[in-house]
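First, one chain by itself: the form predicted on its own, in structure tokens.
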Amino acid sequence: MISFNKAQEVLIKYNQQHVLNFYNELSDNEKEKLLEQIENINFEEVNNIYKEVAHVASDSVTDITPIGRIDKQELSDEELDRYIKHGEESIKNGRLAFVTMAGGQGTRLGHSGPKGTFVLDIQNNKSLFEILCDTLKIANNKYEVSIPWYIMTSRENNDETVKFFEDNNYFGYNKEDIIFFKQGELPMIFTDGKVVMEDKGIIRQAADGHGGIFRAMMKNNILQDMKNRNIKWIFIGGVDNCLLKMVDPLFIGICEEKGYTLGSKTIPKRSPDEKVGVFCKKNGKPAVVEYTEITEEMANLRDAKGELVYGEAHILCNMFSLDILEKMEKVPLKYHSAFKSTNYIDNYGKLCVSEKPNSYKFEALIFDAFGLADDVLLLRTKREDEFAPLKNKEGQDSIETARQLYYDYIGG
């Protein structure tokens, strides 16, 4: 572990001396944890992110153009049969793995634990984790395999998540095929560039966004484990979509037959003003553009069939080949900043409660890596078959709406 003198040297170099203001007041255990935090934070990187993100108004000008798609509903029976058979061969040969992004807490749902432990199916007392696990078990029985399931947790919820699986006997899944790994974090930073202190001996850190999955997989040797298992296709999705089709031979089959290294399932936007990111091409490369980035004219633009030209919503249902993941793992993504309100310890050791935004949180976005692929397969699906997001306690994308979509789908 880094020594106090070395930690002090690092902090002085990056003008973060306040981190050690209360060091002498800490217990031996607290001192050790703080020094460990300092050792594990790349202050050079944090400094550069702060300079590049916090002080840059916008990206350079990009040329945004439409992108093609395949509509599942328009495929012929012959095409469906061919693609499905192709995909099933890959699954039977053990070439598929699944990654669940599950680093969040259920706070916004009124739930005190990791979001994945939230019981959505109250009729059968099933959590989001168990609902996803059921999907995998059905596929394992059908294809006589055991699909590796990688679960990305966070520092905040890892121990509780692992214990939840242990207490539930891994829901009957082969425990050797469930691998947990932690998402990365970055310090939160005030507008003057100082890192935020959560307590006298704790630097406040926040998850580095779903785009941080590539770095987390590299740090935890996840891709090497996949190589050892001869995996070719990796489906990555979030824990909060109970209708997630984790094992879809059609999706794999189209990617393989048409030579795609990257695929994404989409749903059509409900309306031009729906607040979702949509697929496009930026400077000729596959990308997702946020609803705030396109003009009203582009948002309302329709094709000859009357459909929105920029209407393919990104719903975090992405398929990657191992080859493209290795490429994405090696290229650092840019970070986006969000101006957040956070409580903090001031230089006098006083807890300050902020009622307005006062610091930056930095996140990488998974779709910023899409441009590393030559093209992307967009497979349009039905919203009611593939997408029941659980984001809020009430209102849109809430417990009630997700639960109803789930029961409608399973016929419950």
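Between two forms, the rigid core is defined as the largest C-alpha subset superposing within 1.5 Å. All values reported here derive from a predicted model rather than from experimental measurement. Note that residue numbering follows the sequence shown and begins at 1.
The same protein also exists as the form predicted in complex with a small molecule; that form is not shown, yet it is the one meant from here on.
Put simply, Gln105 is close to the small molecule in the model of the complex: some heavy atom of it is within 4.5 Å. Looking at Leu316, you'd find a heavy atom of it within 4.5 angstroms of the small molecule in the model of the complex. Although the partner is absent from this view, Lys391 contacts the small molecule in the model of the complex, with a non-hydrogen atom inside 4.5 angstroms.
Put simply, Lys115 is close to the small molecule in the model of the complex: some heavy atom of it is within 4.5 Å. Taking the partner from elsewhere, no residue among Ala97, Ile234 and Leu322 has a non-hydrogen atom within 4.5 angstroms of the small molecule in the model of the complex. In summary, among the residues Asp208, Glu256, Glu130, Asp248, the only one with a non-hydrogen atom within 4.5 Å of the small molecule in the model of the complex is Asp208.
Shown without its partner, this chain lists Val239, Val278, Ile252, Val195 as candidates; in the model of the complex, only Val239 has a non-hydrogen atom within 4.5 angstroms of the small molecule. Heavy atoms within 4.5 Å of the small molecule in the model of the complex are found in exactly one of 119-127, 163-171, 209-217, 296-304, that being 209-217.
Shown in the overlay between this form and the one not shown, fitted on the rigid core, is a CA shift at Phe190 smaller than 2 Å.
Comparing the forms between this form and the one not shown, the C-alpha position of Phe171 differs by less than 2 angstroms, with the core used for superposition. Annotation: Cα of Phe181 displaced by less than 2 Å between this form and the one not shown, core superposition. Put simply, Ser341 and Thr107 come closer in the model of the complex: their C-alpha atoms are 3 Å or more nearer than in the form shown.
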